[in-house]
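Heads up, the chain below is alone and in the form predicted on its own; it's given as structure tokens.
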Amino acid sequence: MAHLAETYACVPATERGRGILISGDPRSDTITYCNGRSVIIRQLGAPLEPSIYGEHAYQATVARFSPNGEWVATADVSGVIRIWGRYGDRALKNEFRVLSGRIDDLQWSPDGLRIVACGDGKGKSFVRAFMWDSGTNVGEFDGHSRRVLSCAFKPTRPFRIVTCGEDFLVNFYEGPPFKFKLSHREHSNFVNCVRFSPDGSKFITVSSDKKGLIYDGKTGEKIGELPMEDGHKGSIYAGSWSPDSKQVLTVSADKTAKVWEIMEDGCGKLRRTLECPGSGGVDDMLVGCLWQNDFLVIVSLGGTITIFSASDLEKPPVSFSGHMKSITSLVCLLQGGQKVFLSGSYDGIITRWIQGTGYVGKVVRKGSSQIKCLAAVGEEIITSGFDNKVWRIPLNDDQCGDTEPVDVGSQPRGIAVAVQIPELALVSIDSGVVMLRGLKVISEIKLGYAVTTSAISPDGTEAVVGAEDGKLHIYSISGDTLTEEAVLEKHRGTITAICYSPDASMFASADSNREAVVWDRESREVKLKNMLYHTARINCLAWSPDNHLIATGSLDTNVIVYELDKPASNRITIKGAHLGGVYGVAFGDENSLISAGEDACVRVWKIEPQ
């Protein structure tokens, strides 16, 4: 049996030059956001127990809880809205194709019966409001000529809808059935967000022209604005009202968030400027915010979520982060006597995790080039990207030491390190292997066949090289030369992963034809066969520290754990471990398995052998 112990969720997907509109459920202090095809629901008090919904066929863009908190409406880039139950088996209530293009924002009416959505559409339909149970239209929304970025539903009767977008317009509609009432063109750039105050008396629009304007909620007339002298110095991407409707939180590309007091006459007065901790780079631009009860939630372009306390703005904020893009590699290493997991994602970010704590920081390194291969041993990490260079980087907590890259002449396909002699590394390239000792290339060996991956024994005396034709070539290593000892033939597909057991008495190999094999190192006989239970390419392998369990992760989204002294049919299968495929597995100890994948999440599973 395997059960999910912890999930280290991905962060909201962001885009340069655009805001993101996160939302929450005030009754349970929960926020929801989207990344790829996943919709993530996180409790602000318990960030290690997120709930993730992955039923969208296309990239999800926005999610909103219904007023009673029981339903969630989520939208995607194809213009589809799915309405599903938040609890239990998440039953799908309805699915509607609302627009012909991407949906950027949606809101429920306060009675939970209607939904308004806006975004990009072909022709004139950029906004639509409909009944949540039947999908029938409740009004005509004309007046916009370009993509509509945000919409808001007045939370009290009489109902009103306000929309704003890339045509610099703010349009006001009365209803239901809703019809056009008036339009404002006070902004001189994209209007990024519109929000009604919870008591329905006012609404605010914020724009890339650095202005925030306040309007009367019932008539739609402009009544005031946020003062420019204390204002933001960059585009304002989002705004959110306090529960008492007296204050507004705004975030901007100038890397600050500001809390404003809104007077009765509609004018704003700056109460506080909030600085989020960060390095000061582009990734610290703030693109999303939410005021939820006592939490001020702020999202940066790099995906970091920072939470301030509204009642005590002096209190230092809490930050947590993660990956935004799919994770390509996962390694485990000991740092200061405790196990640390490093996950590297496609965009070049390496994140540190500690079991039980979750996110403990990102590894700060000089070049932020993309990462294809990642290995770690002792106090250093070895990485390679999509160029010909291999980096050996000394690691001190989350700070990297200075280092120079080694050019291996071709793009690395894999990196293996001899655990007992950490300076010795074997790099696989298309035409053969390159041996590194420290930062020096000691030999470059052309092997005469297409190499896909390789492994080196912990004592550095033997190497196994996997070929595109499915053969495993075993070499003995002496000094800087490789001598071929044997060729093992059992796989029917390209070799994708090879891994020695911790005690070096066995090694495991896996191929693109979904099969894994465990071999005895001395006799070179098959030790565990018929490991054929995946339905697609196997991407990664891992051994447990006691050499008793072996885990495989595959493109079919599953992780399978085999016990060595039982037949392969006695396996433990974790179905749907990661949406889109599993790209990294590692054991924390004898009965905890860590996995990572395409959905940019890292999960910890407790394994209980039968």
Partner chain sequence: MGVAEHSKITFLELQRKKVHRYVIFKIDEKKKEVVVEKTGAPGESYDDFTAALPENDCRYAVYDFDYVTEDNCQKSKIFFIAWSPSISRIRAKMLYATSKDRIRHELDGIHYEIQATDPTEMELEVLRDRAS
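Positions refer to the first chain, counted from 1. The structure presented is a predicted model; accordingly, all values stated were derived computationally and were not measured.
Here the subject shifts to the form predicted in complex with its partner chain, a form of this protein not shown in this document.
Asks: Heavy atoms within 4.5 Å of its partner chain in the predicted bound form: which stretch in 56-64, 563-571, 30-38, 580-588 meets that?
Replies: Contact criterion met by 563-571 only.
Asks: Against its partner chain in the predicted bound form, would residue 533 count as a contact residue? Criterion: heavy atoms within 4.5 Å.
Replies: Although its partner chain is absent here, residue 533 would touch it in the predicted bound form, with heavy atoms inside 4.5 Å.
Asks: Give a yes/no on whether residue 86 approaches its partner chain to within 4.5 Å in the predicted bound form, heavy atoms considered.
Replies: Residue-level check for residue 86: no, no contact with its partner chain.
Asks: Quick check on residue 93: any heavy atom within 4.5 Å of its partner chain in the predicted bound form?
Replies: Looking in the predicted bound form, residue contacts with its partner chain do not include residue 93, since no heavy atom lies within 4.5 Å.
Asks: So in the predicted bound form, is its partner chain close enough to residue 514 to count as touching (4.5 Å, heavy atoms)?
Replies: It does: once its partner chain is placed as it appears in the predicted bound form, residue 514 has a heavy atom within 4.5 Å of it.
Asks: Taking its partner chain in the predicted bound form as the reference, which of 492, 527, 218, 181 has a non-hydrogen atom within 4.5 Å?
Replies: It is 492.
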